[in-house]
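Here we start with a single chain on its own, the form predicted alone, put down as structure tokens.
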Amino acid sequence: MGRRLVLASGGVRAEERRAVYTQAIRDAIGDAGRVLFVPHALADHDGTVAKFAEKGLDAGYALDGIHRHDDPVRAVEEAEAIYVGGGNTFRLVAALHRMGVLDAIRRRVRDGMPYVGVSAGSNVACPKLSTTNDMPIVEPPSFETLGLVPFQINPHYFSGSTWRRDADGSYHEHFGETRDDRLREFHEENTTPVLGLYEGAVLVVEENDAGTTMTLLGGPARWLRPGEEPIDFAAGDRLESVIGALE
């Protein structure tokens, strides 16, 4: 059995979006008893675990915070599934390096342990954290992340300009950098493709002896490569023919 990944952008406050997301988690994890949860993208670890349960983002599983384990590597080795929450990606990556769990997570996921990531948790499934939207509030030892997929993800992606709403309810164009501007800058220095996940979008990756499937659920996505026109996907599309097999 190969990789089983659920990689979500976030933006699942709406009941319909939350239902798609949590069903994808249940389909990937199955009948696991407890799920090892990594809350380190946010400062309040216990509060984050409680909030995920309170909002139904635990998909009905008991979330076991990795911060409660004296030996985080052993916790990964013994886990039935792992779930990495959202927040600040720089803080999350620094914590993953500090706990020394990157290699253990990679090995277990490639051997078939289900991986669920949302927002920052999806970002760290990529080769590097370079396409995060977050401020560098801490400095991790490197930008290296898990490399569970051979492309980058930009969570919370949207196309077009940014508008602000003033106190009187009127809207005005911000005229600042757009998300596409920032990703174009990434591709001026890097050749790795980027999958922009709109809010509510969930990428489900399943790898087995027959090959790899990549299914988009819940919302749209955009595939970006340097020097090429973007490719847009809608919920329900299969992406593996465009993205290719996992490495």
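Being a predicted model, the structure only gives us computed values, none of them experimental. Residue numbers run from 1 along the displayed sequence.
Another form exists, predicted in complex with another copy of the chain; not displayed. Remarks below refer to it.
Checklist entry - So which stretch, 58 to 66, 184 to 192, 209 to 217, 30 to 38, is the one near another copy of the chain in the model of the complex (non-hydrogen atoms, 4.5 Å)? => result Looking at the other structure, the answer is 184 to 192.
Checklist entry - Quick one: in the model of the complex, does every one of 70, 77 and 114 get a heavy atom within 4.5 Å of another copy of the chain? => result Zero of three within 4.5 Å in the model of the complex.
Checklist entry - Are any of the heavy atoms in residue 136 no more than 4.5 Å from a heavy atom of another copy of the chain in the model of the complex? => result Yes, residue 136 sits close enough to another copy of the chain in the model of the complex that at least one of its heavy atoms falls within 4.5 Å.
Item to check | Heavy atom of residue 177 within 4.5 Å of another copy of the chain in the model of the complex | outcome: Although another copy of the chain is absent here, residue 177 would touch it in the model of the complex, with heavy atoms inside 4.5 Å.
Checklist entry - With the cut-off set at 4.5 Å between non-hydrogen atoms, does residue 13 touch another copy of the chain in the model of the complex? => result Yes, residue 13 sits close enough to another copy of the chain in the model of the complex that at least one of its heavy atoms falls within 4.5 Å.
Item to check | Contact test in the model of the complex: residue 156 vs another copy of the chain, heavy atoms, 4.5 Å | outcome: Yes - in the model of the complex, heavy atoms of residue 156 and another copy of the chain come within 4.5 Å of each other.
Next on the checklist: Pick out the residues of 100 to 132 whose heavy atoms come within 4.5 Å of another copy of the chain in the model of the complex.
Outcome noted: The stretch 100 to 132, when checked against another copy of the chain in the model of the complex, contributes 129, 130, 131, 132 at the 4.5 Å heavy-atom cut-off.
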